[in-house]
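Take a look at this single chain in structure tokens; it is the form predicted on its own.
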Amino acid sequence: MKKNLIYYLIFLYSLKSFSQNPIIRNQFTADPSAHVFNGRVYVYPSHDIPVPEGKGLRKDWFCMEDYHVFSSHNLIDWVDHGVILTQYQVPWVDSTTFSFWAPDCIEKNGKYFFYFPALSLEKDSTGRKLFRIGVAIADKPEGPFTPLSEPIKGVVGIDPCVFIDKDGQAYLYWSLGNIYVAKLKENMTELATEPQIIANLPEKGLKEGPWVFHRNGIYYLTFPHVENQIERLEYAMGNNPMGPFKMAGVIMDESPMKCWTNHHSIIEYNNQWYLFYHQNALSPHFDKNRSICIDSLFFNADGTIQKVVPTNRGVGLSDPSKPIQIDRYSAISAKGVQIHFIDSLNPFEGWKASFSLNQAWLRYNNVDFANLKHQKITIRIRSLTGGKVDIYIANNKTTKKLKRIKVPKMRDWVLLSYKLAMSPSGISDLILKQSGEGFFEIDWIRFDSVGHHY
């Protein structure tokens, strides 16, 4: 029984991810649909996988066969609740196409409705298979979900988004060349009105992935759009969930990583707004394997949205008793520090920070030392030359040196632990700065209590 408990705890820990971007780092994820249910944030993404030999729509293309759901109470620790639906469970889906694309989920009357697009067995007059949108229903946000045997009648397209207005009326949005909207019946599985194209949006360039939300009397229609060569996130504003909308600006520019797609959602949680989106940080040379991220989002006084710049650091307060991935920095010196994969053949192992120049530095913000007595520091590091690294904590008022670590020469990764003369407190930034010559690589850093063993 004791052994089973240990295995269970290890299993639970393995489901955890961290607050830095990307937020999920043990599988590829894309198209995050985020919602707040019962005080927790749930994210329903697509699940990118390599194309199986001889299957999928075509080689080197998007390939998805199932959906997971992830949840968090703090936007830091993410739990993978496992597979909630596979293409093999849905009778109308052509499961040879691996086309379980961007989904959404909504709660109404104690039931959770999961909307998903897929290529169906149905064909149009030219013989091409049609993308349809299905519904699966559950009693809990993490499932299990049971799919209906037929897709929603009258809907052909992808990227479903469901919005429930303050009067309880639900709306379904989707895309296929244009962006469409229709009211849903009370059962949430049938259209109550005929689909209509949302007008006044850009006529040229691909539009897809609609996401609608309401704030201070304004309805926001947000969507990816190819204005130039790859997608950027844009938005329009209106006073009715069905429009008319007026184009208002750009939420996020084209990806600096050159990811051709971006797909997003926007929520408010604990009085802060957040943008969930994806990029290809874990697959820089193949942008069909993507990873979801979060950054804070802010509004101007007139309701317009301030542009969001993607970050490595992401959001949330980091727990110093867990490994802090400093390669997900919030600021970095112009020279002397580079970020690389620890293992280029296994990106899920994460990144490392390489220091090679005197006074080169890296800053990682918002570490929560409050109510904790950390008396020891542990660092995962390696160096072929040896060197020195100074570790500081900083806030708006002061910067204090915690420790100078003399890094010995070693070929392999090692854990080095040192007692601290002072115990950090409060919410502070962490700064690592090289002192003198040398070359060393750091994976993570952690603060422990003396006598605590891992």
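Numbering starts at 1 and runs along the sequence shown. Since we're looking at a predicted model, the values are computed, not measured.
Another form exists, predicted in complex with a small molecule; not displayed. Remarks below refer to it.
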| property | result |
| --- | --- |
| Partner-contacting position among 120, 289, 261, 222 - heavy atom within 4.5 Å of the small molecule in the predicted complex | 261 |
| Interface residue in the predicted complex among 208, 319, 107, 234, criterion: non-hydrogen atom within 4.5 angstroms of the small molecule | 208 |
| Joint contact, 327, 353 and 432 to the small molecule in the predicted complex, by non-hydrogen atom at 4.5 Å | no |
| Partner-proximal stretch of 416-424, 381-389, 59-67, 401-409 relative to the small molecule in the predicted complex, 4.5 angstroms, heavy atom | 59-67 |
| Any non-hydrogen atom of residue 162 within 4.5 angstroms of the small molecule in the predicted complex | no |
| In the predicted complex, residue 102 touching the small molecule (heavy atom, 4.5 Å) | yes |
| Partner proximity in the predicted complex: residue 158 to the small molecule, non-hydrogen atom cutoff 4.5 Å | yes |
| Touches the small molecule in the predicted complex: residue 46 (any heavy atom, 4.5 Å) | yes |
